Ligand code: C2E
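As a starting point, one isolated chain is supplied in C-alpha cells, in the form predicted on its own.
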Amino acid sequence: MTRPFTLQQRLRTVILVPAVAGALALGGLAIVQFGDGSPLIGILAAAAAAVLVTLGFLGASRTTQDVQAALEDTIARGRAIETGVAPSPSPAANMEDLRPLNAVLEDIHEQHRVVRAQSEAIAAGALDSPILDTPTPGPFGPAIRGSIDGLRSTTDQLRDAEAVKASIMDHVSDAIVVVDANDEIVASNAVAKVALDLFGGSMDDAIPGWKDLTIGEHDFSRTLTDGSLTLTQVSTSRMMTSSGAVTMLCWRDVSGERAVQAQVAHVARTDIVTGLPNRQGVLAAHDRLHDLSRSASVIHIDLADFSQINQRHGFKEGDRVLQTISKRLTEVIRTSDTVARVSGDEFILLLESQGDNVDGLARRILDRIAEPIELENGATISLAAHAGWSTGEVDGEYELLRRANYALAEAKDDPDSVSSYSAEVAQRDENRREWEQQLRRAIANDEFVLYAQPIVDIFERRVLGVEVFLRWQHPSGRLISPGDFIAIAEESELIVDIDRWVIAKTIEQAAASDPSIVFSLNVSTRFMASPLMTKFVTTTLATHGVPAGRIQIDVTETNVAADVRGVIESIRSLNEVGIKVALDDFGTGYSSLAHLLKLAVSTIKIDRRMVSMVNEPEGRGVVAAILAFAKKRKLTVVAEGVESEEEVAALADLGCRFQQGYYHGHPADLVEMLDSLDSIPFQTLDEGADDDEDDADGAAAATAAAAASGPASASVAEQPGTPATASA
C-alpha cells in the first residue's frame, strides 16, 4: 500500500520538475558542445544547469515552508476557538503570502512546457528561437532569463569571432582549403578560390598528387606556360569534426623567398673581394665531402709580407693582387675542387679524392703565385708564399683542415716553404697538443710560480722595484721557463688565462710587500690589445688595495706591431687610471723611434744587445743618444741585461742610473727576492760618475719619474734582456 503524498511533498515535486528538466536539457547542451569543439558554450551550459537546479531547490524549500507556516497558523486558530484559549503570539498570517504559491500552482503546467521548449531549443543550439523571447513566469523566470541572455551573448561573441576569423583567413597570403573524407572541398579562403580558378577549380591541377601527401610540409616545382619555374610549398594537416575527419591544405609560392635565402647564403659564404668561397664556404664544401664519405687533400697557403703591399701601394692595389692570386689558384685546380680565401692573406684548396702528388701541386701553386704582378700604378711586385698540406679521409671534426694549418706553421720555419703533415710533423703536433692539455691542467691546478729580478738605482744605491718572470713548476719536478710553453699557450688561446693569473698574483704580492717597491710585468699581445685588460688590472688593484702607480706594464715592439691600434688604446686607458707603461727591448725593432713617438709610455728599457756594446764607440754613441732623447721627452731609462762591472761603470758615466741584470741580481723566487732586497750589493762608483751636471740633472729627473711610476715589465725571458715572446 503506497503512502499518499503530503501537500508539501506535492508542492516540492511540481516546483522541482521544471527545474530538473531545464538542468537536464542544459547538461545535454554542455555534452554536445564539448563534443563539437565549443568548450566555452559547454561550460556556460553546465554552469546554467547547476544554477537552475540550485534555484529550484531553494524555491521549493521556501514555498513549502510558507505553506507549512500558514497551515500551522490555521490549525492553531481552530484549536483556540474550540478551547477558548488564545494561541501563543506568532506573526499574523497574511494570505497575500500565499499568492505566489497560487500563481505557481496555476501556471506550473504552462511554465513546465515553456522550460522544456527552451531546453530543447538550447540543446539544439537554436538560441534565436522566438520562444526564448517569451515572458517566463514564476520565481524562476529571472534566473532562466539570465541564463538564456548569457548564452545568447556568448553565441553573439562566437559569431563575431567566427566573422573575424573568416576575415583573417581571406586576407592571409596562403591558400587554404578544407576537404572532407570524400575529397570534396567544404571550406576555402579567398586566396584559395583565386588559385583554384587559375586551374579551372581543380585541386588535382593546382596541387598535383595532393591526395597522396602525408601530414607535414612538402615542396614541388612546376613550369608555367610562360616557361618560368615556380616552387610551391604545401602544408597538410588533419582534424576531427562532428561530421568526421577533414584535411586542411595550405600552399604558397616560395620561389622569391627561396631565391632571397639562396642569395643571403651565397653572400654569407663568399669573400667579397675575390668572389671565392670564404671560411664558411670551405667548411660547407668539406661537409658535403664528409656526407659522401670521400677522401680529400687540403693545401693551406699563406702569402708572405702581403701587408706591405697595402702599406706601400694602398688597399685598392692590394685587392687587385688578391684577385690576381685567386684567378691563378682557380686555374690550377679542377672544377670539382674548391678554392677559398679564409683570411686576409690565406687561401685553402680543398681537392676531392686523395691525390698522389699533392706536394708537387703545392709547389706549382707557389711558383704560380710568385710570378710578377703588374699594378695599375706601374709597379711590379712578386709574392712569396708558404704551403702546408694534408690528405686522408674527410671526417666530421675538420681534422684535415687542422692538419694542413699545422703543416703551414711548420712550412713557415722551413726554407723549402712547403710542408706536409708527415709522421714527424704529426708527432710534433701530438706533443704540442699534449703540452696544451698539460697547460690547461697547470692553470686549473695553480702550478705556475713567479720569479723576479731587482731594478736598482746605482746612484742612490737602492732598489726601485722588481721585474716579474713566469715559471712553470711542472708536476715532474722540472721548473720550465716560458720559452718552452708560451708559443703553445698563444696558439691555444690559453695565454689570456695565464696573463690574468700573473697579474693577479703580482698584485697580491705587491699588497704584502714594501709600498715603495714597484712591480714590472708584461702581458701577451692578445691581452694587451684587449679593452678588458685595463678593467681587469684596475679591479684587481682595488681588490687588494694597491695604488695604480705600483704596477707598470711593459710592451714590446712585437706587441705594438701585432695590433698597433689596440695597444695604443690600452696604453691610453692605462695612463688614465695611473698605471705606467714602459717600452721594453728598445732598440731591437726596425721602427723603435717611430713607436716611441706614437706611444704614450713613461719608461724605455734599453735592450741587452745595445747595453753589451756600451764600451764600444758606436754602442756608446747610440746609448748616449737614447739617454739624450729620453731626457728631452722626460722619460725614465732602464738598462737591461747589465752583466759586468765595466758595463755598470760605462752606463753610469753616461748618466744611466737605473739598471737591471745579472750583475745586480739573478732571477729568484719572487717572495724570496722581496725578503732579501736589503742585501743586494751595489757597485762602488768612481768619484767622477756624478760630476757631469747634465747627466746628474737627467738622473734626478729619472729618479723622480721612477719614484712616481717605477720601472716595470714582466718579461718571460729566461735571461734578462732576451726578447720575451709570451705573456707574464
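By rigid core we mean the largest C-alpha set that fits within 1.5 Å across both forms. Note that the structure is predicted; figures quoted are calculated from it, not measured. The first residue of the sequence shown is number 1, and the count goes up from there.
Below: the form predicted in complex with the ligand, not depicted.
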{"item": "In the predicted bound form, G318 touching the ligand (heavy atom, 4.5 Å)", "value": "no"}
{"item": "Contact of Q453 with the ligand in the predicted bound form (heavy atom, 4.5 Å)", "value": "yes"}
{"item": "Contact flag, E346 vs the ligand in the predicted bound form, heavy atom cut 4.5 Å", "value": "no"}
{"item": "In the predicted bound form, D253 touching the ligand (heavy atom, 4.5 Å)", "value": "no"}
{"item": "Heavy atom contact within 4.5 Å of the ligand in the predicted bound form, the stretch among 307 to 315, 562 to 570, 398 to 406, 636 to 644", "value": "636 to 644"}
{"item": "Listed residue that, although the ligand is not shown, lies within 4.5 Å of it in the predicted bound form (heavy atoms), from V614, V358, L464, V502", "value": "V502"}
{"item": "Residue among V468, V298, A582, A387 with a heavy atom within 4.5 Å of the ligand in the predicted bound form", "value": "V468"}
{"item": "The ligand in the predicted bound form - contacting residues of 643 to 665, heavy atom within 4.5 Å", "value": "E643, G661, Y662"}
{"item": "Displaced residue check between this form and the one not shown: A409, CA, 2 Å or over, core reference", "value": "no"}
{"item": "CA of R288, rigid core aligned, shift of 2 Å or more between this form and the one not shown", "value": "no"}
